[in-house]
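A lone chain, given as structure tokens: the form predicted on its own.
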């Protein structure tokens, strides 16, 4: 079974592009022996965009954060990547420690991130952080201007870190074609009002020709805010502000299905699974997994509470279930992230202590480091069930990665209804992470699910994930941009052609 996406993007367009993000796809460090090393940046979004760039080519512009990053670039701060088989160019942009702390840690992740995720963490907005956010966004725009080979080269901007880039670049290159994909949720208009600079953010985003969100809910929230805060007009599939038209749409992101498929069907998979089983000391017949950044939006404490409840409700499962939680440390300079990591540490220790068997089996295996994709596929292939328990999520690619890995059509996905992925992956066991008892009942059902039902559900999930992979996601966004981009004047043939489904 293969995903249709790779061929569809090639059929529609192979034009090189510029991708712009805060996080770089590859970083360089020095090992203990002093030798230069490189690694892929973990995370589903980075993996997905790297797959896109390996397919299309062009330039990826990002903040260089690796300790040895400066030592491998040329005099123009460029290098070819992937390091083991170059397919495109990486242009690194350097930030001072204060710029990174205030633009990234401050405004983006203490302000916008909790604002957009309804998880009861108070957003913090500081005027100085906002000033640095504006400054860094202007620097990204300046770098794009330097790297842009032609005005028709598509510029694909990523996420909430770079909401002002399009407006800054538009001043330099009025005709450039720009799309921004907002990977996280967009808040309801009433919640957006918490942000003192919400109108500036809205104007910055509406400087794009195409603005895409994960799901319809977020698209609707944005359009409502544009109307209420800026008085923007909605015309069919376009939002108009000051004579410029922005196409606003919802296009859920996918995974690199074919790459995961290759690992899942590789003859070496079984050996990798056996290695993981030994490393994690798994001897039980039932295995569950969770793979997340250590972030308060991911619902990891709620997940652990449900496992605790399951073991309390089902004494027959004690000593028979091992749950592997992979938690990748993230944004540890921010107090709310340090706090959630401490909460998880305590819960894991408590559950292991209370449910330890006489033979010494503890139900939770907790690993605080990322896995490369090959090993991640092996871990998913070991699992009887995978839990994605987000409290609020734009999409959550772990859910789709788990499905793509299960070429044996086995395994059960337990998925939060508050993750964007739940709107597509309806054959998962859908749970509310705040309902501990209901969550535990779903886990019990996952453990006991008959093989025929597991196969039926996974076959349907596979069809959804394979049919909407990262290449199809990119193809839809970029084909739309290239066909209808730079819609700047009302009433023109181009603006009339760009109309689509009514946004209201």
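All of these numbers come straight from a predicted model, not from anything done at the bench. Positions refer to the first chain, counted from 1.
The form predicted in complex with 6-O-phosphono-beta-D-fructofuranose (F6P) is left out here; the points below concern that form.
Looking at the partner-bound form in the predicted complex, is residue 446 within 4.5 Å of 6-O-phosphono-beta-D-fructofuranose (F6P) by any heavy atom? Contact with 6-O-phosphono-beta-D-fructofuranose (F6P), no.
Heavy atom to heavy atom, is residue 121 within 4.5 Å of 6-O-phosphono-beta-D-fructofuranose (F6P) in the predicted complex? It does not: once 6-O-phosphono-beta-D-fructofuranose (F6P) is placed as it appears in the predicted complex, residue 121 has no heavy atom within 4.5 Å of it.
Would you please decide whether residue 293 lies within 4.5 angstroms of 6-O-phosphono-beta-D-fructofuranose (F6P) in the predicted complex, comparing each non-hydrogen atom pair? Although 6-O-phosphono-beta-D-fructofuranose (F6P) is absent here, residue 293 would touch it in the predicted complex, with heavy atoms inside 4.5 Å.
With a cut-off of 4.5 Å between heavy atoms, is residue 186 one of the residues that contacts 6-O-phosphono-beta-D-fructofuranose (F6P) in the predicted complex? Residue 186: no contact with 6-O-phosphono-beta-D-fructofuranose (F6P) in the predicted complex.
Contact at 26, 61 and 156 by 6-O-phosphono-beta-D-fructofuranose (F6P) in the predicted complex, all three, heavy atom at most 4.5 Å: No, none of the three is in contact.
Stretch from 158-166, 197-205, 263-271, 230-238 whose residues place a heavy atom within 4.5 Å of 6-O-phosphono-beta-D-fructofuranose (F6P) in the predicted complex: Of the options given, it is 158-166.
Tell me, out of 385, 104, 257, 245, which residue has a non-hydrogen atom within 4.5 angstroms of 6-O-phosphono-beta-D-fructofuranose (F6P) in the predicted complex. It is 104 that has a heavy atom within 4.5 Å of the partner.
If you check 51, 466, 478, 45 against 6-O-phosphono-beta-D-fructofuranose (F6P) in the predicted complex, which one has a heavy atom within 4.5 Å? Of the candidates 51, 466, 478, 45, 45 is the one lying within 4.5 Å of 6-O-phosphono-beta-D-fructofuranose (F6P) in the predicted complex.
For 457-472: residues with a non-hydrogen atom within 4.5 angstroms of 6-O-phosphono-beta-D-fructofuranose (F6P) in the predicted complex? Counting only heavy atoms within 4.5 Å of 6-O-phosphono-beta-D-fructofuranose (F6P) in the predicted complex, no residue of 457-472 makes contact.
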